[in-house]
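A lone chain, given as C-alpha cells: the form predicted alone.
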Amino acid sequence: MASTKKTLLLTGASRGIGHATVKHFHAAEWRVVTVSRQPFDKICPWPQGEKDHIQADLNDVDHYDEIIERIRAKLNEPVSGGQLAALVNNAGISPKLPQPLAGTGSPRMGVLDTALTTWQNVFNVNLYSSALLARGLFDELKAAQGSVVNVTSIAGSKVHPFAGVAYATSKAALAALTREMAHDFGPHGVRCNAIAPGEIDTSILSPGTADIVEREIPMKRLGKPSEVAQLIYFLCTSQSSYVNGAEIHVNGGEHV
C-alpha cells in the first residue's frame, strides 16, 4: 500500500538553499526525492536520503524521457512512495572565467566571453530542465494538486557583478517560464511560483560579496539558507493556496 506522505522532488540538494530545503521539508515529515548530476552527497544527510536520490545529468536534454521514468518509478515505490505534492527546480550552474577580468577583479562571463556551448549548457540546466520535469510529471502534480517552485535569482532582473550573462538571462527566462506555467497549469489545480534569492550565505559566495552587502542591501546582512527554505515551504503548502504566477524577492531589499 502506497504511503500517504507528501513527496517533494528537488533538484540540486547537496549544499546551500537545496540542503536547507531538504532539512526543512524532512522536519515537516515530507518524503524528499532529489535529482542531481552527482552521487548522493553525505554532507547533506537525512534518513532515506541516499535511497531517494536519483543521479541524472539535467544537461542531457536528449534523455529526459528516461530521467522522467526513473523519477516516476521512484515516486511509485510501494513502501515509501507518495503523491508528488511539490517540485522545486533549484539546480543551476553559473560558469566563471578561469581568470578575473583585468582591472575589474570580476570572474563574470559577459557576452563577449561566453561560447555557444556555455549558453547551451546553462540554459539546459537552469531553464529547460524546469520545463521538461514539470511537463513530464504533470499528471503526478495534477493528481496531488501540487505546487511548482522555480528558483530564479536577483541576477535575472539586474546586472550582477559576479553572475554571468548566460546565468542571468537563463534566470530571467525562468521567471517568464514560471508565469507561463502558472497560466497553463493553474486551471488544473497546480500552482507555479518562483523565488528570486539575492546574496545568501552559502559556500559558493564570490569574493567581494561583503561590498555588495554594505552598498546595496538595506538590511546590511546576508540571507540565511533557512530563510529561503521557509519561503519555498510556504509556497508548497495550503498557506499560499491563492498565490500563483508570482516571483518573490528574498534578498533583504537588494532589488529596491
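The numbering used is simple: start at 1 and walk along the sequence shown. This is a predicted model, so every value here is computed, not measured.
The discussion below concerns the form predicted together with a small molecule, not included here.
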| the small molecule: the contacting residue among Ile217, Ile200, Val190, Leu231 in the predicted bound form [heavy atom, 4.5 Å] | Ile200
| Looking at Ala144, Ile93, Leu97, Ala172, which is the one with a non-hydrogen atom within 4.5 Å of the small molecule in the predicted bound form? | Ile93
| note | Answer among 69-77, 181-189, 111-119, 163-171 for heavy atoms within 4.5 Å of the small molecule in the predicted bound form: the stretch 163-171
| Contact test in the predicted bound form: Arg37 vs the small molecule, heavy atoms, 4.5 Å | yes
| field | 4.5 Å heavy atom contact, Ala56 and the small molecule in the predicted bound form | value | yes
| said: Please tell me whether any heavy atom belonging to Ser14 falls inside 4.5 Å of a heavy atom of the small molecule, as the geometry stands in the predicted bound form. | reply: yes
| message | Does any part of Val148 reach within 4.5 Å of the small molecule in the predicted bound form? Heavy atoms only, please. | response | no
